[in-house]
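Given as structure tokens, the chain that follows is alone and in the form predicted alone.
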């Protein structure tokens, strides 16, 4: 991986940080996410809500079935998952759907957009007997060919999208590019950039900016003729994201459940991520015709989804209670993650507009 990065830099002199991330994370043979599904869980590099157990998928399935009921129970509909990893979350969702509503399950096409061949194979093996109709594609193209009503969603996919690094230097913003010295040591070098966040930042203030939200959302929305887009991830609304005290940004690396801040320490062997600017995401969605209709901490969001399950006695066994606590308690994952929903041509609830500073 390091040799591949150095060869790319040698050809061009330097590369933008998003290009470095594209190689280190997504190279189909050597990239971090191309590894055979070993990144998540107790023996991996980090935990997700899926690692807690099947309850997270069960609650999302109830949200999706609620949308199906509210929208006239379409005979043909789609759930599109972006960033399905090894298919564990998809399996949890499909199992719960089939249990709760056979009619909805029979009419459902479960689609996954997955560019990495190794993960596509894992997903196919895990899901081929769980879905009424399964479509695992190497991109959005074959999915957009026949838009269907339904839901598109991603769990911890936004933080994995490549991002620019920018820094305030000499009174103006500079983009940090990746360079290498004569012995192959990687470092960052500031270059002029059109990316601007205003001038009310101190010298040396560093942060991240994603410019890929518009294209990403356009591809997703083209897969749906109508419906809902939902993301669960860690991040902040813009005022908190760019708070003056967060002067070194949110870039982190993860390996064996240890967090770091050096993106060059082990390219291809550790995750490299940054928090999500949910306000910027919402503005990109609005430009694509989708309005933010819900934005809440994961704890609040999942507790709302679990009401009928709790009242119906579906939360009685100790294992499920423990999973619910891990997913929703502020000291665990409940405050660390947020969930945001978008709907086409909908109004923005005032409390959502306020929280996102729109």
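Just so you know, these numbers come straight off a predicted model, no measurement behind them. Positions refer to the first chain, counted from 1.
One more form of this protein should be noted, the form predicted together with a small molecule, which is absent from this view; the next part is about it.
Of the candidate stretches 318 to 326, 301 to 309, 48 to 56, 62 to 70, only 48 to 56 contains residues with a heavy atom within 4.5 Å of the small molecule in the model of the complex. By the 4.5 Å heavy atom rule, the three marked residues 208, 235 and 274 all fail to count as contacting the small molecule in the model of the complex. For the residues 282, 143, 108, 82, the 4.5 Å heavy atom test against the small molecule in the model of the complex is passed only by 82. Proximity to the small molecule in the model of the complex, taken as a non-hydrogen atom within 4.5 angstroms, holds for one residue of 167, 269, 96, 156, which is 156.
Using a 4.5 angstroms limit between non-hydrogen atoms, residue 134 is distant from the small molecule in the model of the complex. Using a 4.5 Å cutoff between non-hydrogen atoms, residue 254 does not count as a contact of the small molecule in the model of the complex. Although the partner is absent here, residue 160 sits close enough that one of its heavy atoms falls within 4.5 Å of the small molecule in the model of the complex. Using a 4.5 angstroms limit between non-hydrogen atoms, residue 116 touches the small molecule in the model of the complex.
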